[in-house]
Ligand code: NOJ
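Okay, so here's just one chain, in structure tokens, the form predicted on its own.
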Amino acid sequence: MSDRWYEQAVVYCLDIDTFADSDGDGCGDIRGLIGRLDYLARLGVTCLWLNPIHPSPQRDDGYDVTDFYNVDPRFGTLGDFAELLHQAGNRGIKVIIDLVVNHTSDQHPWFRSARSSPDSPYRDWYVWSATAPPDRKQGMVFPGEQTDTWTYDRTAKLWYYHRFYRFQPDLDITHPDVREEIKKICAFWLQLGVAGFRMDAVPFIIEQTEPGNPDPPRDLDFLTDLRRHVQWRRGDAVLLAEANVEPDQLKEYFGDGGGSANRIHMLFDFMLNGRLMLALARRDPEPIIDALRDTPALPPGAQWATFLRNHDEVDLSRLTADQRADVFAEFGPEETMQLYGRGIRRRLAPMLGGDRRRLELAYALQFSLRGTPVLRYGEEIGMGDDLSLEGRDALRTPMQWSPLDNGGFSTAPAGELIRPVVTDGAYGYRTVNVTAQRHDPTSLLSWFERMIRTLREAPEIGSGACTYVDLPAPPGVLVHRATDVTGTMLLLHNLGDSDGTADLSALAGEAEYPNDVLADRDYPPPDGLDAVALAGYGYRWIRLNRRP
């Protein structure tokens, strides 16, 4: 793969503790993941994104780190992790890990030292205030769970800042030693063999916090410095950032205007994700059309990461109140399905009522839009959720491998699992599991494998220009195209439930031998493109032309 391998990647996101347990202690581990690499290779995955792997008190699913230079002993050892990187590489799979350096756990040795004495070398690594800041009730990331962003520490006799929970004190990015430590952490894992990092909470990492200032400046130049450091250590390393910011700020995270991306390689496209959910809820492609039109032109080397579901709730905060209401009504009508008043804590299959047609449509659409697709573990088999669990744990249940006890995830007694497996109902592990779908050539898993293989034969989708095709099409139908030096793909998706026919004959002059490479059913050949049929909730990927 080239240095821009990420433009053609298929990223698979998982938590080690809920994926596969090799030793029967109820918690997934690295050895269990290694044993499932062949499954991921067959699926078509080319990059693994691992949620936090470091030692942690686990008060926030591993996002409260106590040691950035080690692996949580529940998962295994550094030796196990090195073996994972080797075995994944043998299968053409790169591995990126979560870089969680906005904050540490309050149990981290740095913070324990910092609070213990004003003479501690780590005192200035955190953000302190001698008095209660007037803005301490503002800026909470988890409203309803947090009451403030500053907490008084009785040992230090100071207030410390925490954008997230009070047990996650923020590091001070303005301190040169903190910057150097972050770079050292990156260098350590790159030397071990990771291909890059998914950077958690990037806007908060670069926040130059000032007590009493609810809107502090951000030091984007640190991202430039970090990118340079990472690239020097490993030329093809990638930074994938979580930065849910205003649209006019997005380009700043990619670069400083120098003509190419010299900060973050990839950004999760939160704006598109919200519009996708709205379009699916309304059965109307207009929000996606708006998103494609509003997308800023990216500098060379920059890339979007698209997703439908991830490890967090569906974040609808970028939608208007009316738009959010429509999505809630369709996909999260009950209060138990919602989170923080802004999101939905469900997996996609139950959100879509288990409708196989709509599931295929949704993922065919996501994978065909510009950018690199990110797939959450279990989505490829249509896993459900467990709303009896608190918060985001509802969609972080163990992977369902087989109809054996605990879904084949672990041989431990059910009561000793890291989280309960979904057992009952339409999404219980006896009904929804990898083994059953492996034996069914018409299963959702088989479809995902076929769809991803098709995507790999259409490089235009990952790296080419993605544009809306404004030609006569029935209501509910989105037509867009992906064009690059390798050729052109024409992509049709019907978000509505009514059959229709699109007249795309204006593109016939570009067509060499138009043919379906992926479709929800057998359609008449699209010769002439003057009557391209599409069923309700149907999709067609049409190869328009190919270049050598």
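A residue's number is simply how far along the shown sequence it sits, counting from 1. Please read all numbers here as calculations on a predicted model, not as lab measurements.
The discussion below concerns the form predicted together with 1-deoxynojirimycin (NOJ), not included here.
Asks: Quick check: superpose the C-alphas round the site, drop in 1-deoxynojirimycin (NOJ) from its position in the predicted complex, and tell me whether this chain leaves it open or blocked (blocked if 3+ atoms sit within 2.4 Å of backbone or C-beta).
Replies: Transferred pose: open.
Asks: Look at the stretches 366 to 374, 178 to 186, 247 to 255, 163 to 171 and give the one with heavy atoms within 4.5 Å of 1-deoxynojirimycin (NOJ) in the predicted complex.
Replies: Every other range fails; the passing one is 163 to 171.
Asks: Quick check: do Arg282, Arg358 and Tyr468 each get a heavy atom within 4.5 Å of 1-deoxynojirimycin (NOJ) in the predicted complex?
Replies: The answer is no: none of the three residues contacts the partner (heavy atom, 4.5 Å cut-off).
Asks: Which listed residue (Arg275, Arg396, Arg345, His265) meets the criterion of a heavy atom within 4.5 Å of 1-deoxynojirimycin (NOJ) in the predicted complex?
Replies: Partner contact (heavy atom, 4.5 Å) among the options: Arg396.
Asks: Quick check on this chain: which one of Asp440, Asp290, Asp312, Asp405 has a heavy atom within 4.5 Å of 1-deoxynojirimycin (NOJ) in the predicted complex?
Replies: Contact check passes for Asp312.
Asks: Check Arg198 for me: does it contact 1-deoxynojirimycin (NOJ) in the predicted complex (non-hydrogen atoms, 4.5 angstroms)?
Replies: Heavy-atom contact with 1-deoxynojirimycin (NOJ) at 4.5 Å: present for Arg198.
Asks: Is there a non-hydrogen atom of Asp516 within 4.5 angstroms of a non-hydrogen atom of 1-deoxynojirimycin (NOJ) in the predicted complex?
Replies: Residue-level check for Asp516: no, no contact with 1-deoxynojirimycin (NOJ).
Asks: Is Asp520 near 1-deoxynojirimycin (NOJ)? Define near as a heavy atom within 4.5 Å, in the predicted complex.
Replies: Answer no; every heavy atom of Asp520 is more than 4.5 Å from 1-deoxynojirimycin (NOJ) in the predicted complex.
Asks: In the predicted complex, does Asp484 come within 4.5 Å of 1-deoxynojirimycin (NOJ), counting heavy atoms only?
Replies: No, Asp484 sits far enough from 1-deoxynojirimycin (NOJ) in the predicted complex that none of its heavy atoms falls within 4.5 Å.
Asks: Do any residues of 26 to 62 have a non-hydrogen atom within 4.5 angstroms of 1-deoxynojirimycin (NOJ) in the predicted complex? If so, which ones, in sequence order?
Replies: Counting only heavy atoms within 4.5 Å of 1-deoxynojirimycin (NOJ) in the predicted complex, the single contacting residue of 26 to 62 is Asp60.
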